[in-house]
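In the block that follows, a single chain appears as structure tokens, in the form predicted alone.
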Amino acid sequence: MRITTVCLGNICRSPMAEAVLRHELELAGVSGVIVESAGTSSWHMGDGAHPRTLATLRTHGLDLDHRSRQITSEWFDKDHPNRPDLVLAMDVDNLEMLHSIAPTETHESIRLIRSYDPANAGLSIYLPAMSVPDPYYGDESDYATVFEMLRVPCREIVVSL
């Protein structure tokens, strides 16, 4: 199985989600799942994760070797080596962008990551509780908040597997 976490630039939220989800899979002893991340834009192509993302992960004992890349419509082709089985968008804008580039038949495999949080069951995707805010212009506390927002959904994704 291949899971791809997606945000805008692939340097803050989606790499953090990648690391948290990998960690939760390891804790649960689940193998055979490839977790990676990408961005819907090309703004930071080839860049490493944001220093505050890496610092936040280190605070929790997690490490990440990462280079930003862009998800494109080709990723959804049947023979593409990165074709994801599950795509986890960080917010509605990225969800809508993914829906615009992916074939309709793949849309049910593209979800907001926070839709896996039981506290958000039944909420409209357009409510702020369903999105992970971009901490790019924020400080360390904003990155810590994002980390905390990702823990429960990542645990629930592991349970759902």
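Owing to the predicted nature of the structure, the values given are computational and were not obtained by experimental measurement. Note that residue numbering follows the sequence shown and begins at 1.
Keep in mind that the form predicted in complex with ligand 4NP is not shown, yet the notes after this line are about it.
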| message | Can you tell me whether V158 touches ligand 4NP? I mean in the predicted complex, with a 4.5 angstroms heavy atom cut-off. | response | no
| Any non-hydrogen atom of L8 within 4.5 angstroms of ligand 4NP in the predicted complex | yes
| said: Y116 versus ligand 4NP, in the predicted complex: is there a non-hydrogen atom within 4.5 Å? | reply: no
| Proximity of R69 to ligand 4NP in the predicted complex, heavy atoms at 4.5 Å | no
| query | Counting only non-hydrogen atoms, which stretch in 127-135, 100-108, 56-64, 23-31 is within 4.5 Å of ligand 4NP in the predicted complex? | reply | 127-135
| request: Note that ligand 4NP is not shown here; using its position in the predicted complex, name the residues of 11-47 with a heavy atom within 4.5 Å of it, in sequence order. | output: I11, C12, R13, W43, H44
